[in-house]
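Only one chain is given next, in structure tokens, and it is the form predicted on its own.
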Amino acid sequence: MIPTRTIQLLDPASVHTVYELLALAVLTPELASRVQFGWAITIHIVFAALSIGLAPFIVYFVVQEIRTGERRYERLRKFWTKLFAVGFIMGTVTGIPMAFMFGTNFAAFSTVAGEMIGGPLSFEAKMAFFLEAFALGILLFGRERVSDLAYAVSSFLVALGAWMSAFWILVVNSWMQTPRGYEIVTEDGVQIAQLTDPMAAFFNPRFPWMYVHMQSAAVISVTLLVAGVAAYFVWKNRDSQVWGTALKAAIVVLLVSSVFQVIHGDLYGRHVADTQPHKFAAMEAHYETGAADLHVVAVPTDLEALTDPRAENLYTISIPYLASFLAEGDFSAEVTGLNDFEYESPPVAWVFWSFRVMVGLGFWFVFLGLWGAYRLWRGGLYEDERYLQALMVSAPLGFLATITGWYVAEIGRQPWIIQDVLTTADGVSTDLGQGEAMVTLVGFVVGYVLLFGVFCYVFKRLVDEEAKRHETGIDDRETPDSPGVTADD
């Protein structure tokens, strides 16, 4: 294990002067770097999930358009391809600076892990990003310029690029969670992780769990977005064939994917308990070693409970010993408490509450899927005002669940940037000053807020344009051989 150092933070309990209050607002280089990277991920993951989850829908709409020649599939393909392109651009703009942070904010980490993460990150750019960008050009401007087969292949390549990009990124992240296939060696007096087994490193124990869970989360996020937009247009025009088609497809996908995610998440939790028991303990705010209850509902009873959730300061509705069962498959299994780990605990409040938001939303998505399936079976889907309104309100919630799930995965790993190998404190650039860290943090917060605002504005413009077509009924006029999209459409 690489030796660690400790960065002491000012204890809020000792704040007595205005000077100390100001000192609290100026974060240490380590904490500022963590917040900066976390904020960048919070925004970037929305666009990453949009690309991953929307790609299969676009493939479906393209194939159905070619197979049937129906205008409803053409309209859906045009609308969602435009949004995909905007999300792709925003994902690129918000993603590239994150790679630079490995050098500016986490140079020590890059020195240690460069040999392990450099290859997958390069593969992501050369194998996935360029493929996706090339095929997206054909998808956007090639409908009248290439054959039906070539156009369908371009949609598959866009989806392949998006999913392959996630593959290589999660190879890196999963290795940081459960590092394998390396050995620590000393070069020029510096300890580094040297790659010894690429297959063991790339397909480490965490990778399959993380990849499946992330891809499923992205699909659910986009499915809710599609369902929400479709519900809006169906709510405005009950006879819309275009958006009625999208709504029905989204309900089927939501039902299947949300149920799968709950089952997979339960199994994933047991893997986390085996490989990162401190993260599992933080997810349940479990401090004392022993059998653990599962807090189904947790309500803070005082202000301190928000920042330090414990059994004595929460009002909970709990299922006795269920957390033990989730961890080991045994109701009497002993779960190691946070107090018994040799290293410091992660920020428990972030992990504990993020986990509950993620799980709570997950069950809400299952309920929406079952509700919609019932309406499809019994009829009256388009007339169910409450269901349409629930879908509209829930449109962004999949992305919120994805973000909070990512918080559990990343914050729950603390204090390690590479589990049991390198702490985050030791991974921060040694020559990074406090002023520099704060300036860049503020810049990233403002810049990414503006970028996300631009995306929301463009998305609203796309919806408004579609609403105008909706008012004239253009979207529902079927033609046997409807024209393809042009560069001017």
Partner chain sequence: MTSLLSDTEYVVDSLPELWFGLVVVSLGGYLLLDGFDFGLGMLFADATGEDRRTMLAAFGPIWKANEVWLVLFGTVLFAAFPRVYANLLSRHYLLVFAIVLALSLRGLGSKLREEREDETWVRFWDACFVAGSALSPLLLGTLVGSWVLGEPSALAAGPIVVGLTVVALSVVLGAAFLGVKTEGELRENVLERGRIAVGVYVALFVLTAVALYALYPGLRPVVVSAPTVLVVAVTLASAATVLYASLDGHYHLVVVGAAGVAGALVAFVAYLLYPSVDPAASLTVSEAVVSPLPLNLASIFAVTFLPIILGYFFVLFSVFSGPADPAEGY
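Positions refer to the first chain, counted from 1. On a predicted model such as this, the values are computed, not experimentally measured, just so you know.
As for the form predicted together with its partner chain, it is not shown, yet the points below apply to it.
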Please tell me whether any heavy atom belonging to T440 falls inside 4.5 Å of a heavy atom of its partner chain, as the geometry stands in the predicted complex.
yes
How about F367 - does it come within 4.5 Å of its partner chain in the predicted complex, if we only consider non-hydrogen atoms?
no
Residue-level contact is defined here as any heavy atom of the residue lying within 4.5 Å of its partner chain in the predicted complex; does S429 satisfy this criterion?
yes
How about A85: is it within 4.5 Å of its partner chain in the predicted complex, going by heavy atoms?
yes
Select, from the options 377-385, 351-359, 212-220, 122-130, the stretch whose residues sit within 4.5 angstroms of its partner chain in the predicted complex by heavy atom distance.
122-130
So which of A166, A246, I117, V253 reaches within 4.5 angstroms of its partner chain in the predicted complex, heavy atom to heavy atom?
I117
Let me know the one among D239, E187, E344, D274 whose heavy atoms come within 4.5 Å of its partner chain in the predicted complex, would you?
E187
Complete contact of T42, F363 and A390 with its partner chain in the predicted complex (any heavy atom, 4.5 Å)
no
Within 4.5 Å of its partner chain in the predicted complex, which residues of 185-223 have a heavy atom? Give them in sequence order, or say none.
E187, D188, Q194, L195, T196, D197, P198, F202
